[in-house]
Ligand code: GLC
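Below sits a lone chain in structure tokens, taken as the form predicted alone.
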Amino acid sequence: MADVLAGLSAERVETFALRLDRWWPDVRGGLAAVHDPGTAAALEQRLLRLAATAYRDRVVETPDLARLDVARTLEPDWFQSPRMLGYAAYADRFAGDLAGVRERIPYLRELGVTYLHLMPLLRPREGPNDGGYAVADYRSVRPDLGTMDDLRDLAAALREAGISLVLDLVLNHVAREHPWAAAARAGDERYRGYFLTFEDRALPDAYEATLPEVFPGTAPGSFTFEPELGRWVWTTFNTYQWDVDWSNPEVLAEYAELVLLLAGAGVEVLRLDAIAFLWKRMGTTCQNQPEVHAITQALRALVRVACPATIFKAEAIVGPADLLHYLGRGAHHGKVSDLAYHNSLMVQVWSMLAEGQVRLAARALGQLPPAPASAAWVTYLRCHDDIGWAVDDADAAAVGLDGHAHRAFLTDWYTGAFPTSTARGLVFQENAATGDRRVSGTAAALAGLDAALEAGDSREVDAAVARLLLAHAVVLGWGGVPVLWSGDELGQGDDADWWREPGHDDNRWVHRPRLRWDLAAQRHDPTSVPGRLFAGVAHLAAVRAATAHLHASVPAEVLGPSDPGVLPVLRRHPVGPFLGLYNVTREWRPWPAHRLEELGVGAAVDALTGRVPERGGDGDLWLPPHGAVWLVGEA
């Protein structure tokens, strides 16, 4: 690589060489697990040149990013810090365009945000595009949002404000209009090899015997006949999203170049969209295959060599048994994604609030092995997607529940079909064959705030606000990187007119409203709902940032409940224990004094109030309805 690095100082060349020594074996190992020796060796040389070029350009053209690489190398746990607070939004729905987002940085800093996830903003296809996940051009930004230069400017401004930019990289598929797919349709054999296509239905039918449907209501099946090809194309998600063939080394090389391109633009976290689906294997669900983790290992190590300030986040909404693999298990321990979504925590928070019981959550969350000490969970109350009730049948049975019936109850509860529920969610993609029903809705709608405000019932408004702040306390008190969805910090409700906008072809848009800046203007009014929620979330973030116990390397340990309505979460940090207690009921609930003493928090301060909590006459700690405490003890 001497020709690529020519002109760099001896120290810079040596830095690159040292990174190669440290990380390149992981590139080589990942490629060897997927390809034959000859193919792997040729691909390795191609990736090496890409890495050297990206490193050189970073040093020469963006020295501030090169400096960030050094800083992050010295602080590799930066993303595990309790200072991390995420915020997720569509750029246009948050602030109009990229320039508007830049103008709103002070708002984000006021909330305590250090991590901004802007939903898909690379140029999608025209018309329906799955919320931007049908990408037509990875190298340009949606014209209505700005340009790549605007993206670089925004990344730099965020970086200066201490906020890391997070963007999506869709790995499993491209839009039918993407240049690769267009070339394939035009008869280019090279690009046809980028996709999984079939002459007839024989193999698709064989695959579909074990494939689950992602969008059974709007895009049934996983294959689409393409007249211009005269072949069936693998389309896991929608007919206009063509799955790429990751067994083709050209595909890996293309995406490696795109990863480095986005890192060079200042993206600090790449969300690897639909990563679970990359590798196809007959007789399986074609999710979570071992090759997925080998590919991710190779790409992550490549980034460590060229631009180590950038990390990976796996978008893997999978069952608990498969989830840990995306943070690295076995041979891939600590070598794949740095972050992964804790989907189970999100599901269990809503389950606890609906049932008023913690037994299922304690069982399900307690069964999940801890994440590797070098990785972190992304925790969240909701996201841009619908909520699928990923309740494991075995976990449900262990606490005396029927899994199918409980999932049905949760959908009924959060769509307001259950008699005592005030939730206002919508059923998303009901599958008549399996009975699976997912739910769309903002946090405010699901927590009953929309209904309470509409009814003008101040008591129910207070209860809904308490539920939301409790849920945020669980999410922020878990460790990892908690992420807020735009508007939840203000209690913004559903967008009743979601269906009026072009391209809004499913009801997930009900919980993706444009941020109401009139509500944000009330955030300093402690008597208003937006003011109460904004202040509550900002307080949680500030306390979290000052609490060393919430560093993500320390696992959250769910204890056996002493009260069916109180979830206990213990963190055994070297500086002392941290016990989070969360009352998921509308009643006062106790936590026994003897357990506080046993855990070393008998005289501990509640970090949320700065005081030692008062005890009842029985000596027990009593939590108010939907109350939370973060008890911080000393070693």
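In case it trips you up, residue 1 is the first one in the sequence shown, and so on. Please read all numbers here as calculations on a predicted model, not as lab measurements.
What comes next is about the form predicted together with alpha-D-glucopyranose, which is not displayed.
- This chain is displayed without alpha-D-glucopyranose, yet in the predicted complex the stretch 273-281 from 273-281, 450-458, 77-85, 108-116 comes within 4.5 Å of it by heavy atoms.
- Although the partner is absent here, Arg176 sits far enough away that none of its heavy atoms falls within 4.5 Å of alpha-D-glucopyranose in the predicted complex.
- A residue is said to contact a partner when one of its heavy atoms sits within 4.5 Å of a partner heavy atom; Gln492 fails this definition for alpha-D-glucopyranose in the predicted complex, lying far away.
- Remark: Asp243 does not count among the residues lining alpha-D-glucopyranose in the predicted complex, judged by a heavy atom distance of 4.5 Å or less.
- Mapping the unseen interface onto this chain, Phe237 counts among the residues with a heavy atom inside 4.5 Å of alpha-D-glucopyranose in the predicted complex.
- A heavy atom within 4.5 Å of alpha-D-glucopyranose in the predicted complex is found for one listed residue only; from His551, Arg363, Arg104, His384, this is His384.
- For the residues Arg508, Arg329, Arg467, Arg185, the 4.5 Å heavy atom test against alpha-D-glucopyranose in the predicted complex is passed only by Arg508.
- Of all the residues from 99-135, those having a non-hydrogen atom no more than 4.5 Å from alpha-D-glucopyranose in the predicted complex are Asp130, Tyr133.
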